[in-house]
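To begin, one chain is listed below as structure tokens, in the form predicted on its own.
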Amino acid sequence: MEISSEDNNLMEKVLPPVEQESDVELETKVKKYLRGEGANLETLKDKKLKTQLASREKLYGKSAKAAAKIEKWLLPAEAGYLETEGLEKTWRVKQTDIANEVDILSSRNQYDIVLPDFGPYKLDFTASGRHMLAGGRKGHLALLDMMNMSLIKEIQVRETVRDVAFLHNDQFFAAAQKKYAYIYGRDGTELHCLKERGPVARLRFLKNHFLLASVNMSGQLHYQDVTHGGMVASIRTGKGRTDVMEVNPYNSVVGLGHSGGTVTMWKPTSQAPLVQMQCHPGPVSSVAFHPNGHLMATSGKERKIKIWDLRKFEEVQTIHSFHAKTLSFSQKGLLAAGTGSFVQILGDSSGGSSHNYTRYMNHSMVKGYQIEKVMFRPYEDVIGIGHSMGWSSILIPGSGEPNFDSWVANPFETSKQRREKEVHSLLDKLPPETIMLDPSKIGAMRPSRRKEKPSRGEIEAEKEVAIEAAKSTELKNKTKGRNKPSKRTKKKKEMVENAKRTFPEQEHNTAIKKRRIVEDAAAELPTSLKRFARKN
């Protein structure tokens, strides 16, 4: 029995209004996940290509429909932003106004911890956002449970702390202290002292590769594998001292900002930078990467914030605001910039299509507080601010991802789940060779390129260039009779001969000479031994 299109239309009309609304809602969600307009198959003449593109478009449609259904049924929560009416502006809404409208649990995320004797403070959050690590410049380290608002452990190391970072979970954290970097356990026990790095300025952890990346006071970049403790790479950047360092969450490439206005990107298997961009005319003060990995924000001393598209390495926007000392992207793409005692939140008003960042929210600290670090808390509409008098937390509506995946980051995980997750993450650990600018190329085949043999004229031209280069090479002045004209002439002749040997024609002539020598030797042999000579 076949159902015609008229019957389908009739069935759609018979459906209850609630189900009709859900179908319309599903269609709008499907459009959001589609990859733009499909290819025009009618203009193609190649049947094989036409079939391949048709099957691919069909797969794209199925994946968009599956993603829309998952969003509808499994991701019920939606991110809420500040909305104003008429002439009202979102950046004029203060934290006191927000606190009067939110629930009790959300209002608990607004607080100020005043510790003037140990600041300024650096902050770091775990991937789930449940735990926070605070490190004071004057030696105070504190581990906190943000869900219960309780202090787990605090220690005083009695020396300068420049930066702090969690490792793969809340059980271990690293601190960059005065002379060396140290790794501590959850209970405050010192586990390792990393003396190979020297005095460390910044620390970051690459969770997919279990690598602890750091840059020291002399500008050396180090990668250390925390599973076996071995040093994977030690790279001299050659750009001088820097304290600007960030990791791209998309491809685990480390970005460094330098005093010459350049931003370099590094991986552990290369001694040269993957990318070197001239971003500012003066020193780079901060770098931040968007969660999707395609956008980068940089700030310079010339009081500008620039947004870069890393797919084309082009500047897409310049924001004339202030000298941002620290930058941070939220999970939903909001950009926080902090300087002095002022924090500004920028939002993409175009919804991510044209990357047009405008002012979204403002927050002024108490006069005299100097902001050291701003960082959004994952899966919460909260931003942590480390400053000279302690640390603070304020509400930023729409900054956090409203739905969390318990297989990726679970704020409510038990100790058993944590152990299981740790074992699985160790089994899924990626080697350092997988760090690259475009991780989608992993597992793909490199196109084969047959090397074309150069012509005789090209070989002769290259040979002449190499000989001229060898003749024009300036020799060093040596002492104790090694600088005589005869020895210098002999050295020049050797260099010219070495230049000639590098070409295939020379190798071919050498092989011919060897063959002739063998043939001459075989001709001189007695008749009884000629049968043992090599035959071509």
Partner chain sequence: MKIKTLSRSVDEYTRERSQDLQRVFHNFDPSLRPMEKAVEYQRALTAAKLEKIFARPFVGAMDGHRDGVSCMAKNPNYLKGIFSASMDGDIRLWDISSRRTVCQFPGHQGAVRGLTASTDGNVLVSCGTDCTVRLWNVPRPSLEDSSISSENFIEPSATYVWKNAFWAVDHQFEGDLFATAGAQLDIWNHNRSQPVQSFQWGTDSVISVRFNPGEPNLLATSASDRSITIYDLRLSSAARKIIMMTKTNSIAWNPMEPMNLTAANEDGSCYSFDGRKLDEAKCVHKDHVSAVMDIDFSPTGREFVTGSYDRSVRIFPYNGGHSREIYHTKRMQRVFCVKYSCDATYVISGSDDTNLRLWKAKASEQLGVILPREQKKHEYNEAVKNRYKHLSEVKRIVRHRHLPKPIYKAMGIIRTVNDSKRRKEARRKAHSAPGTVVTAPLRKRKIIKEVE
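Note that this is a predicted model, so its numbers are computed, not measured. Residue numbers count along the first chain shown, from 1. Basically, rigid core = biggest C-alpha set you can superpose within 1.5 Å across the two forms.
Below: the form predicted in complex with its partner chain, not depicted.
* Although its partner chain is absent from this view, report whether residue 289 comes within 4.5 Å of it in the model of the complex, heavy atoms only. => So residue 289 does not count as contacting its partner chain.
* To do: Report whether the minimum heavy atom distance between residue 342 and its partner chain in the model of the complex is within 4.5 Å.
  => Outside the cut-off, so no.
* Taking heavy atoms and a 4.5 Å cut-off, does residue 225 contact its partner chain in the model of the complex? -> The answer is no: residue 225 has no heavy atom within 4.5 Å of its partner chain.
* Do residue 115 and its partner chain come within 4.5 Å of each other in the model of the complex, heavy atoms counted? -> Residue 115: no, not in contact with its partner chain in the model of the complex.
* In terms of non-hydrogen atoms within 4.5 angstroms, which of the given stretches 39 to 47, 25 to 33, 466 to 474, 482 to 490 touches its partner chain in the model of the complex? -> Going through the listed ranges, the match is 25 to 33.
* Asked: Which one, 163, 246, 348, 380, lies within 4.5 Å of its partner chain in the model of the complex by heavy atoms?
  -> Of 163, 246, 348, 380, the residue with a heavy atom within 4.5 Å of its partner chain in the model of the complex is 380.
* To do: Find the only residue in 417, 218, 358, 318 having a heavy atom within 4.5 Å of its partner chain in the model of the complex.
  => When its partner chain is considered in the model of the complex, the option within 4.5 Å is 417.
* To do: Quick one: name the residues from 256 to 285 with any non-hydrogen atom within 4.5 angstroms of its partner chain in the model of the complex.
  => Read in sequence order, no residue approaches its partner chain (within 4.5 Å, in the model of the complex).
* Comparing between this form and the one not shown on the rigid core: C-alpha of residue 35 shifted by 2 Å or more? -> It does shift by 2 Å or more.
* Asked: For residue 69, is the C-alpha shift between this form and the one not shown 2 Å or more after core superposition?
  -> Residue 69 C-alpha, core-superposed: shift of less than 2 Å.
* Specify closer or farther for residue 438 and residue 37: how their Cα atoms are spaced in the model of the complex versus the shown form, given a shift of 3 angstroms or more. => Residues converge in the model of the complex, at least 3 Å closer.
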